[in-house]
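Here you get one chain, nothing else, as structure tokens; it is the form predicted alone.
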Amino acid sequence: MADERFAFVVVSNRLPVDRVVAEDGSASWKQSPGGLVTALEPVMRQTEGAWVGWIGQPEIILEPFTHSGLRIVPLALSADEVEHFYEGFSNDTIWPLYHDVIVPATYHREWWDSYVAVNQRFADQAAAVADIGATVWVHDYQLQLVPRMLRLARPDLVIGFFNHIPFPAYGLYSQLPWRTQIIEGLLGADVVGLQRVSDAGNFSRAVRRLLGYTTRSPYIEVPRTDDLPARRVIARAFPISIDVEAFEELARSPAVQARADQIRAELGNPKTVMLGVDRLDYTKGIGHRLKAFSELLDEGRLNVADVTLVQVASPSRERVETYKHLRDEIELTVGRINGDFGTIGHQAVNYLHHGFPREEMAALYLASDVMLVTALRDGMNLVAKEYVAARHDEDGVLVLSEFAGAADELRSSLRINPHDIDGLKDAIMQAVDMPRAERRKRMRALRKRVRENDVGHWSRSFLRALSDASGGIDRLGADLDPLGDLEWTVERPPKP
């Protein structure tokens, strides 16, 4: 595989497979459950593409390999790079800054230096495996410098970039000491994809303020420089989604439906089960959710004998100090609520600090009457879409923060401002008391929207825009629905 070149290359911080080490020390691989893998796997199989990324563990050097038909090109990170590039600049500088500085961002020059160096290594690896005229799709905030680095090294490439998190307003973005370098890095792409229309607007405004380039949505005119010719870049919203058909099929399985009934029984068959599913992250508004729930119990508007809240908080970045403090705070709050309102037979909050397989998540969605998504800032929030996809019974109520990207599409949800605790409480009560006919009407509208904009629609829309921008992809059938029917022809000059 060392001499192979690929017509389609995906570049992301993490690979689409996870390394699993057994008790005897032997290592194997399993496919990651993320939506990105689901969206791109058919394209990669049909083009025999390659995926460049980090395996998620430091100091492990591996040769390229194939897993379940996917060509994997691992990139190793040292312990220092994990600390400075990943935990430092990516997750303690960019992440909080791009999420409205819910917690303060930290700026260290050595973190930035590591970010630049690691981005260059990702770009070099992608350039090494990309065929002449290949399409390279770079993903997310960890790799914002890669598009320009690739453009400089391989001007023959067609380059796309998709940002999975929000892009902040200029007043926040301008705080970043390396703000111009990031913008220039992103403008190396032919297409810059963002989650929301507002994100695309924020990006274009940053380009105008920092570089003075002409922007006319969705186009950005990038003038000629000493290094690169003049170009036109497309920057617009491509809201990401999920594999709706697969998730609904899972939720319809007898085993999952039986498990949903079992979950309700284990909870004591309350009248109402409310559910929160999040990574344990300060952007998710878990504390706001718990505060609203606690006040409703205290005011007597909810009774612990009738209502329980299941909160799944999967571990996240546990080596980062901010996340350690967040976990302590959330678990103290859960303990206080259960101490104040729980009874021997009924627990107010069932708190679960670990992840679950997709089958268990589908069962939890089916078992829950009210889904609470109270994000303070979120690029999309696919949990909201998973809940809708799972509810083939056309029941359940989605309470959704207006600060999650999903709120732009899921307008039949009960949309809330999570900072408005009284408004959040009223929305929870509206969800609990909602008549069956209204629940069904809202859920049917939500399911229609999610079906129309599934993960296949997202990937096809982006790749068509990339084709329009560059002319590098000869054809992506506009009327193709099933992911498996996606057809690719890559037009590229002959090898010298």
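We number the residues from 1 along the sequence you see. Quantities reported herein were computed from a predicted structural model and do not represent experimental measurements.
Note that the form predicted together with 6-O-phosphono-alpha-D-glucopyranose isn't included here; everything after this is about it.
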In the model of the complex, does N350 come within 4.5 Å of 6-O-phosphono-alpha-D-glucopyranose, counting heavy atoms only?
no
Can any non-hydrogen atom of N119 be found within 4.5 angstroms of 6-O-phosphono-alpha-D-glucopyranose in the model of the complex?
no
Can you tell me if Y141 lies within 4.5 angstroms of 6-O-phosphono-alpha-D-glucopyranose in the model of the complex, counting non-hydrogen atoms only?
yes
In the model of the complex, is there a heavy atom of 6-O-phosphono-alpha-D-glucopyranose that lies within 4.5 Å of any heavy atom of N91, even though the partner is absent here?
yes
Can you pick out, from Y98, Y86, F247, W137, the residue that has a heavy atom within 4.5 Å of 6-O-phosphono-alpha-D-glucopyranose in the model of the complex?
Y86
Taking 6-O-phosphono-alpha-D-glucopyranose in the model of the complex as the reference, which of I165, V82, I263, L297 has a non-hydrogen atom within 4.5 Å?
I165
Of 415-423, 157-165, 337-345, 198-206, the segment with heavy atoms within 4.5 Å of 6-O-phosphono-alpha-D-glucopyranose in the model of the complex is residues 157-165
Members of 270-303 lying within 4.5 angstroms of 6-O-phosphono-alpha-D-glucopyranose, judged by heavy atom, in the model of the complex:
R279
